[in-house]
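One chain is shown next in structure tokens, namely the form predicted on its own.
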Amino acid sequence: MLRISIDERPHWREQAKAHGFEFHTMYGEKYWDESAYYQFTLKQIEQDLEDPSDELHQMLLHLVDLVCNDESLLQQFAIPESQWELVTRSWRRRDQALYGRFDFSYGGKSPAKLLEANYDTPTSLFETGYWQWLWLEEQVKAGKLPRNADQFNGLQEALIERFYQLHKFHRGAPLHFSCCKESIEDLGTIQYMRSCAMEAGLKTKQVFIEDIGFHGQHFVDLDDSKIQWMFKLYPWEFMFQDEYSEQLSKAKVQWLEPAWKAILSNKAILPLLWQTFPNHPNLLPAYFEQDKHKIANSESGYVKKPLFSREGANIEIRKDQQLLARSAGGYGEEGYIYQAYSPLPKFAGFNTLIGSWIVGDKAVGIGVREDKSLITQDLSRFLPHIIVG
């Protein structure tokens, strides 16, 4: 695994604008960075990232079944009791799911270590599935990369195929796509996913979260059309607390992601993984708050994470009684978990994280993020990757 500098394509900013990639720079900071790329071998991809991702996905599904059959675990996951039936019924029906992403600490040598699972509202889809592939094609054509360079990147094709499969369960009903109004990145993500769904032959509509209403027994869009099937880039823990939370169990909506994903998007899944599969090579020791003494004095240090934290918010990293890093945010009231600290590998002074994508039940691609900070957050840079050898 190498980080290699390369000349940027001279036209890429104009091209990004033409493709609607408006969040390549955010708040004056570069998000998409093609001044360098990461190089992997095929063995590293297949044995160290793809195979573990497939195995970890099956382990997660096993844990969903455990949680749905144990009220004490539902409570441990801070899921409101009023929503237990919604979550467990969703799992018993095996409501169909779309995707997820694992975040790994991996430097090309020792086994990849799972930092967390993003299984409800993961982003960076467009830049992974489309934009970095376009970069690869153009840099190969320009002679900047070897002609045999490849990527672990079947994400877009897998999304289109998965939407086609899901369409069989919802013939006739349009798939609504929704996110909040204020996020350019989220809007770009759902527009990309909507284009994949349309490529699969689905009828689609778009409505912002803030514009969804409730009439009778149905959620409706601005046209007062019933929402029967919806992809929402909006966390289940927010939905459980919102004004219309009491209507969730009444409305006949098939959600992407389904309500059982509230279990997998929760950091409480990390200590449960460790309890159920102790010493697994891709797992880090992790504990619930009542057992934090088991890790508080660990030589490796530990990371304190809120159950509902997203985009690296409210994370603390401590080692040798010293605070190494802390991020701001609005999470924490729901409780914390404590995970062994596995420092991200450093390349050219950057801390590097691998995001491994699951679509359906299969690992289909990776994205690479890096930051000077020890904590990867929403503005951490995205760099392309290639496979050679």
Partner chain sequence: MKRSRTIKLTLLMGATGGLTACGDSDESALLFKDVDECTSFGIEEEACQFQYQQALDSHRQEAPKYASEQLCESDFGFDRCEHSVGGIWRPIMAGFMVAALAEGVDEGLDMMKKRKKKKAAYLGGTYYSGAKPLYRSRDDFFSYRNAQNGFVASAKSSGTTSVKSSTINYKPRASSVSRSRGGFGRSATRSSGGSWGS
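Since we're looking at a predicted model, the values are computed, not measured. Numbering follows the first chain given and starts at 1.
Below, we refer to the form predicted together with its partner chain, which is not included among the displayed structures.
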**Study point:** Interface stretch in the predicted bound form with its partner chain - options 45-53, 317-325, 345-353, 28-36, non-hydrogen atom within 4.5 Å
**Key:** 45-53
Exercise for review: May I ask whether 71, 85 and 281 each come within 4.5 Å of its partner chain in the predicted bound form, counting any non-hydrogen atom?
Suggested key: no
Check your understanding: So in the predicted bound form, does residue 333 come within 4.5 Å of its partner chain, heavy atom to heavy atom?
Key -> yes
Exercise for review: Answer for residue 137 alone: is it within 4.5 Å of its partner chain in the predicted bound form, judged on heavy atom distances?
Suggested key: yes
Exercise for review: Would you please decide whether residue 213 lies within 4.5 angstroms of its partner chain in the predicted bound form, comparing each non-hydrogen atom pair?
Suggested key: yes
Check your understanding: Wondering, does residue 183 line up within 4.5 Å of its partner chain in the predicted bound form on heavy atoms?
Key -> yes
Check your understanding: Within 4.5 Å of its partner chain in the predicted bound form, heavy atoms considered, which of 258, 271, 306, 122?
Key -> 122
Check your understanding: Which one, 264, 145, 97, 233, lies within 4.5 Å of its partner chain in the predicted bound form by heavy atoms?
Key -> 233
**Study point:** Stretch 79-118 - residues with a heavy atom within 4.5 Å of its partner chain in the predicted bound form
**Key:** 101, 118
